[in-house]
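Next up is one chain by itself, shown in structure tokens, the form predicted alone.
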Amino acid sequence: MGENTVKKKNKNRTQGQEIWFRLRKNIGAMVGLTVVILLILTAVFADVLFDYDTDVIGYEISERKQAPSAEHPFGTDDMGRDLFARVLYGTRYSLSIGAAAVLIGILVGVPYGAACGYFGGKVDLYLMRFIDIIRAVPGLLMGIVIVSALGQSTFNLILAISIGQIVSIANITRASVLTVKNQEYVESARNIGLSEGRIILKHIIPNCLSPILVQVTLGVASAIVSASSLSFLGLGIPVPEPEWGALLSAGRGFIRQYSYMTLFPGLAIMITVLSLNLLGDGLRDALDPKLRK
């Protein structure tokens, strides 16, 4: 009787409820989700949490290079600025850059990959060869070239990172479309005279969202790492903005005597990327149709 009740409850769940039920059972995914939510709240309410101007320099000499303490939990940098506030403000920059790069990847990569997978033939051949050419160039090297050519700015940094996201999302979308384009509901849509564009938008892409959603989550993590890498090399967010990679770059000259200047920004990057990867892995398991009973 108990087993029948459980089975009945499982059947009554909607698809969204079933995904959430599976996600909740994954401890790592829930930890990652919790950390990501806290990071988003920190980015949104950074100005409310701290009445602090991260651009101000020239504090008293006594305020500079202070070790972590109750007054300054992460210590102060060589300009006397509170590192705790700067790392928290950096959440806003890093998450915004990662999300913006992935958003561009979605807007370009999803229709690009859907067109390749759906039409096939020469369309797929030529479009995917272009993707292969881009993939042949290491992402960091391409980012360096683009930012160096266009100039150092936040927009150019996002543009450089988004190219790699376009390639990844286009590939995963194409692979997903290839698995669903010959399904019966797609054939039915063709038979009733729907245009190719409407079939792709209304029937193909909605049924490919699961792997795309997982790729988006993992893509934000990789975009944050790419942005931090370029900022560390001096090609990212212009100083004195407190982006995590820029904070690492600023503190590397003091790493022997004042290691905390690089420790805390590095931990922020590590925790954020790890949380997003845990969440992405959990979503992949929750959305996997093979695990559904």
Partner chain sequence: MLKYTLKRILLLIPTIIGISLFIFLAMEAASGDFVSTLITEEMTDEEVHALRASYGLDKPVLERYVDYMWNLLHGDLGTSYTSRMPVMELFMQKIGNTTMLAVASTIVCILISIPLGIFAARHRGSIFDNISNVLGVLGLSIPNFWLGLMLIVWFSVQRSWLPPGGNDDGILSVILPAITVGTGHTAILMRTTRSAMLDTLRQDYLRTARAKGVSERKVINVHALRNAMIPILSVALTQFAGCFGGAALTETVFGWPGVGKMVVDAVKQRDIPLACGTLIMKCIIISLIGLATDLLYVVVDPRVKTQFASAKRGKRNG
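If you're wondering where the values come from, they're calculated on a predicted model, not measured in any experiment. Positions refer to the first chain, counted from 1.
Not on display, but discussed next: the form predicted in complex with its partner chain.
Engineer: With its partner chain left out here, work out from 90-98, 202-210, 183-191, 141-149 which stretch has heavy atoms within 4.5 Å of it in the predicted bound form.
Structural biologist: Among the listed stretches, the partner-contacting one is 141-149.
Engineer: Heavy atom to heavy atom, is residue 19 within 4.5 Å of its partner chain in the predicted bound form?
Structural biologist: Result no; residue 19 lies far from its partner chain in the predicted bound form.
Engineer: Is there a heavy atom of residue 283 lying 4.5 Å or less from a heavy atom of its partner chain in the predicted bound form?
Structural biologist: Heavy-atom contact with its partner chain at 4.5 Å: absent for residue 283.
Engineer: In the predicted bound form, does residue 33 come within 4.5 Å of its partner chain, counting heavy atoms only?
Structural biologist: Contact check for residue 33: no, nothing within 4.5 Å of its partner chain in the predicted bound form.
Engineer: In the predicted bound form, is there a heavy atom of its partner chain that lies within 4.5 Å of any heavy atom of residue 266, even though the partner is absent here?
Structural biologist: So residue 266 counts as contacting its partner chain.
Engineer: Go through 246-281 residue by residue and record those having a heavy atom within 4.5 Å of its partner chain in the predicted bound form; state none if no residue qualifies.
Structural biologist: If the 4.5 Å heavy-atom criterion is applied to its partner chain in the predicted bound form, 246-281 yields 248, 252, 255, 256, 259, 262, 263, 266, 267, 269, 270, 273, 274, 277, 278, 281.
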